[in-house]
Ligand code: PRP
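Just the one chain here, laid out as structure tokens, in the form predicted alone.
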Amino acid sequence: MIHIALPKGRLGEKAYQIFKSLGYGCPEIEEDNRKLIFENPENDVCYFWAKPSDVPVYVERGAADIGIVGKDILLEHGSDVYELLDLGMGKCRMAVAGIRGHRPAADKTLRVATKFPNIARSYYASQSREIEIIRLNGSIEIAPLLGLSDVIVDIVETGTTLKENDLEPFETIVPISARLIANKASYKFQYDAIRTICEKIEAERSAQT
């Protein structure tokens, strides 16, 4: 039986529909109940919902064989898992943004407000730029507006929130989308089953394009 970690929310619901369309459905997961784990022995699958940032933890430690997670979470946590497929869902980008028309001075330590300190550090280290990380958990767009930071590093989808707050993206760090990941031991010992899932997903996507 393949154990699959799904992120709670729209992304996980879309991912489940993909698995269902490929013959890995589990009717119980769509029922109105409070269960946390959903099994369908007929299809050899077991699903559970997890907080998005917890999905790679379950997969890395073997509680799940495979899972769906955003590339941003993989980069931020440096998870020791196999990244098997880009599912092309939840597309956005990790970007540097700041006050419109105002570029920070290049000769000063850059104050960076972010929910993604590891991604920010790695990005600016590649530029040999000295930075000060300001870790925030809420709406970080207000940080440069209040003078708390020079820029922010955050996920940008449409850019509407930035525009409405007189901010603009300066640089794209990396494109973000949902990825199918696997536990390294599971990929070895359940190779055929996991590769079959990957091949079915790839075939389904090819048929749609």
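One rule holds for the numbers: they count along the sequence shown, beginning at 1. Bear in mind that the values here come from a model prediction, so they are computed numbers and not experimental data.
Not on display, but discussed next: the form predicted together with the ligand.
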Spot the stretch among 174-182, 35-43, 49-57, 136-144 with residues whose non-hydrogen atoms come within 4.5 Å of the ligand in the predicted complex.
-> 136-144
Contact of residue 148 with the ligand in the predicted complex (heavy atom, 4.5 Å) | no
Residue 31 near the ligand in the predicted complex, any heavy atom under 4.5 Å?
-> no
So in the predicted complex, does residue 159 come within 4.5 Å of the ligand, heavy atom to heavy atom?
-> yes
Going by a heavy atom distance of 4.5 Å, is residue 154 a contact of the ligand in the predicted complex?
-> yes
Pull the contact list for 104-128: residues with a heavy atom within 4.5 Å of the ligand in the predicted complex, in sequence order.
-> 115
